[in-house]
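Two forms, one chain: they're shown below as structure tokens, one block per form, named structure 1 and structure 2.
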Structure 1
Amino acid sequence: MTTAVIGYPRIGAERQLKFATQRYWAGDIDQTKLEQIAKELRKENLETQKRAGIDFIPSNDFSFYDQVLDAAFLLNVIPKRYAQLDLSDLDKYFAAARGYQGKAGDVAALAMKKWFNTNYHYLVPQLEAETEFKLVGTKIFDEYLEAKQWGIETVPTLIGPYTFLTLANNKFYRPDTELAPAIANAYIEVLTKLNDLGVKWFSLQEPALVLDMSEAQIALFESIYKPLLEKKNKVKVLLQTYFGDIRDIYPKVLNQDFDGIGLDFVEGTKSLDMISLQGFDKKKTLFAGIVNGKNIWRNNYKASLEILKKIQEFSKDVENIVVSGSCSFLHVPYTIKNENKILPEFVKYFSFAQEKLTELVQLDKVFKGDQDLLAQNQKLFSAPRVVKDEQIKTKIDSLTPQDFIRVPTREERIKPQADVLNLPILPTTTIGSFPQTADVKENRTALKRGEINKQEYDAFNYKKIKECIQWQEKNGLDVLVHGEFERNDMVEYFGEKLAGFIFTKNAWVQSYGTRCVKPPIIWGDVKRTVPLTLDESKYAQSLTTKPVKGMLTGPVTILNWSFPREDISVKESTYQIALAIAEEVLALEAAGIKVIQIDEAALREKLPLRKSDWNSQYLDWAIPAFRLVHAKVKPETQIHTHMCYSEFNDIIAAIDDMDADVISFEASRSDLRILDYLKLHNFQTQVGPGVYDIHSPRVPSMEEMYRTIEAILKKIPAKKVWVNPDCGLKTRDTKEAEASLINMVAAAKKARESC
């Protein structure tokens, strides 16, 4: 048995690539310098893997922006608007990645989407009528040869043709079946060149095989791979899948002439069953994805060994089993070695990318019979990692169905809320944050550096809150917010105040392009030991007679944007967070806060990839977790929620079932299509479909927003409609935000006249 890595993080342990790329964009360094820095990073990554003893080391997993965009540029899927620009190839690539505005022209970027069920975002390849698939790039070959020069034989890796087509957009120009021969040919060109270079293994990544697949999609896959595999010559082809199991296509895949198949045994709940029922092909190598590429906990060797033994047994003693990551390590941080603030007794439980390399090698040895390594590893798992908080456990164990049901019904709550709040029709509000201006950030930095004390820090934020409230009152908003100046991030802020979380210094994970996030780690049982937002909310409310919204992040979003525990279920962990947030909700209510918003910005993110799993594996606990947060409030307290997207057509019933009184969401960029669905499904929650896009610096005019409100009113009765922007204003500057809000309030007032 040997070991394989699917992909390695590429941004640099100190995010060197991020900073270098940004300096390149700013014109501070030239392309040569940027490429040199990139090359050093690639070398270091390869050598780290080599030193660790990995046998199958990938190349071409590096990217200046995104691996899907790299594939598009390799295969000539470059929309004309970028190809035409009088720019270097690299700058055309960046233009497609992030748009371009300058001497050479003015073009918007390609669309960006979440990469399956991760927090990584890829650029959506765009096919045009003229798109001709052909090999035009050299990156994959260059990086193979470069590694070879350094003495490392690598496995060039590339997004596979089926996944590429599945993710690409504008396919309506030509149907997939018509595109299949062309894309197969382009990949054959790649394969031929790899043959010429003497490449031994070529890995094609096909995560789209873990989605629900129709007969037509299975046929499409076969029609692409059949000709491709006929041309493989000496190169061995690995079909690499991840993020789930490939139950729909497994038998077909077995029949194709692949030399290796990579299966995911972490997220692929049916992978073992597939092999047990349908066997494996003795001639092929099985790459067993066993070290979790998405989470940061140490691998439990005993559990992994059991899986490996079963694989061996079910696959009828297939000779070649390679221990692999469950997916690319792109989704975990570099190394725990950079976390000098975390105590050793914690550290020993963590495994980031570099540590996962060691795990792969050790698992290989354990499988071959190394008892010492197994015993050592078992010490970590022989006793519970954290002491269970009995109080929390009792609370969760004693939850009854009543704890998830708010009484009276939403319908019956309308009147008491209206009596207390006394709002006009089409009330105006914002999503919570006001611009995080330089002074707000400086204040935070000053506290971190110890230049000011906590009192001074708070005093500054309180001054900002006061200005914010005064501005909203003066400009006629109806339900006010305190502005969220005390928050760095909507999850980190709560994680820092709640017990049970651990924060890292350098555990960055790439989100898109040069942007990285540093998710908190849920270490233990979560509970509220101090108020989370009470003081700020109370202070803000004391300044005005208008209602000020209490502002919280919901349990599902906190969980989805953290590294979750593996020793208890995500459901249990989310319920713990929900109970903690629920305490804050009641504290806010007791302090006289009449409207409380519980943001679930990321509710959709962990929706399982297969529709058939949506309810049983996710919504059945995620929605109750939200209900748990607010079920105990009084009828007259109004509960809002907010989501950062509008694609909830397919989960509309679940969202209504959250039983909030009001929901705000993004709608301006999606042509308000969602409104038809709301109508169709008789959506009960009051809605604030964002009337303008806060992701753009543009200031929309009063007329424009008035027209949007009119369009909304055609679909939804006025008494159910709120007027608000589509997300928080923290990334905007003050001038834009204020001008937009003034126009928004004027638009709402005008719309009221005809109600």
Structure 2
Amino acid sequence: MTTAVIGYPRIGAERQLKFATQRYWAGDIDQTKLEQIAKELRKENLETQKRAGIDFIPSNDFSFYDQVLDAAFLLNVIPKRYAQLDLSDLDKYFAAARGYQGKAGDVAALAMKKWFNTNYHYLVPQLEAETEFKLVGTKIFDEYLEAKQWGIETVPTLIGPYTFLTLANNKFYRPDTELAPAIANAYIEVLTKLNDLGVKWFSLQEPALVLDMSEAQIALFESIYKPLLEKKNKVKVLLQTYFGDIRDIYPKVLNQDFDGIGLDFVEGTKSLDMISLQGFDKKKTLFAGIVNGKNIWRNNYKASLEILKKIQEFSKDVENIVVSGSCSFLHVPYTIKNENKILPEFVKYFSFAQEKLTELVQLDKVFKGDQDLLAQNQKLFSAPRVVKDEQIKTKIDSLTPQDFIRVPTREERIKPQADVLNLPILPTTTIGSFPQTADVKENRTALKRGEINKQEYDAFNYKKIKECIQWQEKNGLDVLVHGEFERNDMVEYFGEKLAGFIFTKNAWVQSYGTRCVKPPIIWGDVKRTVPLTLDESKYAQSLTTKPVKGMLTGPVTILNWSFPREDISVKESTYQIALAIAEEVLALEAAGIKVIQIDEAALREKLPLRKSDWNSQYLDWAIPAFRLVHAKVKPETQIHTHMCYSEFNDIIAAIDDMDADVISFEASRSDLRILDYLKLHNFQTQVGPGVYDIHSPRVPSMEEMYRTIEAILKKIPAKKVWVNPDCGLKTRDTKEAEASLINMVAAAKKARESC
């Protein structure tokens, strides 16, 4: 056995790339300096993997923003609106990622969606009528040669052509079968150049193969790869899959001339069965994804060893095995070495990206017979890690079907809510957060350093809340928010107030571009011991006669945006969180908060990638978990929720079954396509499709948002429509946020005139 890494974190252990990129956007550094910092990070990552003893080290896994966007720019899939900008190539790339508004023009960003079942976001490639697949970039070759200069032989890696087509927005509905020869030829160009450079292995990442595949999709895959593999020459080609198993296409993959096949044995529930029933090919190398690339718990070497032995037992044709991560380590923090906040008795159970390198190497040694390493590892798993809270267990065991049902029905709740809230048609609101300005962050830092006390900290936040409420009233919003100035993150903030969580200091993970999150770790049983948002919500509501939303994060999102436990089911863990949030909901209601938003931004995130598993493994508990949170509120209390940057079209019925009164969706960045599905499924919940994209540094005009509202009203009755941005405003600066909201309110008022 040898060892392999699929991908490595790229933002830097101290988020160097994030800060450098933001300085570049602000004009504080030039492109040369930005590229220098990026080069230093690439070198550090490669040398870290080499020192650890990794044999197959990837290159081209670095990105300034997103690896799918990198592939699009490599292959000339650059929409005309960006290509025509009078900007440098790098700035055109950033314009596609985040939009652009300046002297060179005004363009919106590409659509952004969740990367399979993770909290990472990718940019959706957009195909146009004149799109011509061809090799135009050099990044993949430059980074291979760069590593070579440092004495490191790498495996250039690239999103595979089948996954690229699967994820692309085929705006002009050109059949994939028509596009297949062209994209195959573009990848052949890449392969030919890699041959010329003397590359030994080339990894094509095809996670889309773990999705449900039809016969037509299987035929498409074969039509792309047959001519591609005929041109591989001396380069060995690795087909790398992850996030599940490839049961639908496994026999066809075996018959293709791949030199290596990467299979996921963590999330791939059928991967062992595939090898057992259908064998392998002794001419190929199996890259076995054994070390979990998405969670931070130490690997159980005994369990992994059993899987590796079963692989050999099931098929004598498996002669060459490489032990690998189950997916890229992009989804976990850099290293536990940067943590001085976590007690040693906890730290020993954690494994971040750098520690996973050690696990890969040690698993290789254990497989070869190192009993000492195995014994040391098993000490961690010899006793229960957590003492269960019996009271919480009793509460969950005592739940009945009635605990998940709100009465009266949603239709019967409309009038009492309308009477209490007295809102105009097309009411305006925001998703929740207002910009986290420098003074807000400085106030939080001062508290952490002990430079101010809690009273001083709260006094500052209350001042910001008052300013926020006054600004919203002055500018005509209908349902207000308090701005969330006290919150560092929509999940971490709640975790800090709930029992059962552990927090890190530097365990940052890239969510998209320069946006990084620091997921809390669910260590033990979760319960509410103190109020979560009550004081800030009460204060904000005391400042106005307009309704102010109580803002909470939902149980499924808290679970999905944390590193979850592995010693209990995700269902049980989510129900624990739901009971805690439900207590806060009732406390807000008792305090006079008439509108309560329970965000479930990540509802779709852990939805199984295969539709056959949706109900049995996820929706049958995720939807009830949300209902459990609000089932006991009064009819006149209006419950909102919010979801962003995922494909919701195929679970619309399940979302309606959440029984919220209002739901806001990200929609502006995906051309409002969700509206067709809402109409098709007779969606009953009131909706607020986002009328502008908050992730772009541009201010949409009143006319632009008015046109968006008009498009919405063609498909959804006005009485069911809310007007709001597509996400929170935390990452925007104040000038952009305020100008955009003023235009949004003006657009809503204009639209009301024709209702």
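Predicted model only: the values in this text are computed from it and were never measured. Here, residue number means position along structure 1's sequence, counting from 1. Just so we're on the same page, rigid core means the largest C-alpha set that superposes within 1.5 Å between forms.
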Which one here is the form predicted on its own?
2
Post core alignment: Ala737 C-alpha displaced by 2 Å or more between the two structures:
yes
Examine Lys50 after superposing the rigid core and state whether its CA is displaced by 2 Å or more between the two structures.
no
Taking the rigid core as reference, does the Cα of Met274 move 2 Å or more between the two structures?
no
Fit the two forms on their core, then tell me the C-alpha shift of Glu704 between the two structures in angstrom.
11.3
Supposing the core is put in the same place in both forms, how far has the CA of Asp599 shifted between the two structures, in Å?
3.9
